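Here's a solo chain for you in structure tokens, the form predicted alone.
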Amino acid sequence: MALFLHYLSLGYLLHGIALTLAVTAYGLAGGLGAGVVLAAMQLSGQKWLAALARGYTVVFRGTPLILQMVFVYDALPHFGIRWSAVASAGVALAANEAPFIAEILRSGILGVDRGQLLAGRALGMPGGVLMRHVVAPQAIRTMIPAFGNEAVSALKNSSLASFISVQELTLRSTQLASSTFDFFSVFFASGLLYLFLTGSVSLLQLGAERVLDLDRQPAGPVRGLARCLRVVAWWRRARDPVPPAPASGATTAEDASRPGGAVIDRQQRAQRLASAPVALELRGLSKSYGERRIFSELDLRVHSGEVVALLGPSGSGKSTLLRCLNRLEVWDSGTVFIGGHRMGMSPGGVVLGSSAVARQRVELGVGMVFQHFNLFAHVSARENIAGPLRWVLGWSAREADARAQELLDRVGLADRAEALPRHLSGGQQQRVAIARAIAPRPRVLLLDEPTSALDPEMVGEVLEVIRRLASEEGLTMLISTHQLRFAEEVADRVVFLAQGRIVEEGPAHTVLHAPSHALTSRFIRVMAAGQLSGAPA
């Protein structure tokens, strides 16, 4: 036992550990750098770059590491490239690790929900901002276990450096055992030293996972502060309760001004909107996916402050049309104008790149609410709203947090500000998504089936938030929906889309109660049950 303990503390073996760690560090650092490049090549969308990366992966994953080390150490000098044994081992290990690390990176990035990327683009985030604040934080969390496993593997594979005379732990253990003939004690001590190193890596991995665990309870003082904030929010709501809804037959100033209100003069509002400037215009817009035509030669004008309900059967292109309006989808032909500016084009008529289009969305004030919420899964409800204000618009943290809290109050979620999206109900998530979309005060708001992903009992709470927006914000809104009663109450105009064209459009009440086209009539008749009293039979 004494001899075994002596081997554990022997400087000869400890120096071997230092060389083992050096080779491993060189291999992991170089592999990470090369892996980033390989992953970027495969994700670039350029087929020739992806093919080069795949070819590299096939070669270095398909040949033994020991041959790669021998090649770097013995073959490259014939081409005038000479490195020390330690450097050669590090380079070979890096070249071998690169494709494995690239696959870890690529799978982590691809694992982030595509809807979140779409939401980030709609909020005006260029690629770099989207990667830094949305993709990377989520991808890193999923990659930590794989990186830990790869680090342990690299640490063990560094023992192959002994074949090119690197005096690392394995080679020194072999030399010591050959001189003392005490093979069992020497290699048992060597094994324990390796176990200590790999165990340390595992502990670091577990620590990183714990630090990045979104569900980990905060420390005591932070938890106490969060509890105090919830109490303050409750006290504010108790002190300033929401006024009760007016009794049946009563009217309010809001009723008299909102679209679809009980006493509103729709004709007067229509005349006022007709004289308002055009906020959104389509001219000859066409879109296809391969041979499948989605819509063709669409023309539409929406005036400032107007609320338009976009109706149509599933697959009629409503969602695609909304994504075209803010250039999340590239259309085939035609033009989209937002506030008189051509979407996706510079004033000189040059097609804008993705980063320039992101800036244009912000400058023109186009917001979007998605069918499946698309909240950023790694941050709280408050940060979903405040984060884009800081990342894109450059607001200070104080300003962004104040705006986020104001909007959470308005949508009735002040007490859920610190909740992660997955801890919210579907209706609550959609209300946060609406608050996020209006946080930068857009002039045009696009809503893509905002209630279709909700359970029936949650639909009402989201529709009520949209009703209030329509009456309070004066936003220009284009809403894709199947909720006919909601469309009648909120919309100034209904546009019915079917068979790739606008079949019918007109005042909401007229189209929903007296449609002039057979396709519209059939659609309303099918959808009307339980939604719209008095709809045509």
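Since the model is a prediction, treat every value here as computed from it, not as a measurement. Throughout, we count residues from 1 along the sequence that is shown.
Missing here is the form predicted together with adenosine-5'-diphosphate; even so, the following discussion is about that form.
When adenosine-5'-diphosphate is placed as it is in the predicted complex, which of 275-283, 320-328, 296-304, 344-352 ends up with heavy atoms within 4.5 Å of it?
It is the stretch 320-328.
Taking the shortest heavy atom distance, is residue 314 within 4.5 Å of adenosine-5'-diphosphate in the predicted complex?
The answer is yes: residue 314 has a heavy atom within 4.5 Å of adenosine-5'-diphosphate.
Residue 289, heavy atom within 4.5 angstroms of adenosine-5'-diphosphate in the predicted complex
So residue 289 counts as contacting adenosine-5'-diphosphate.
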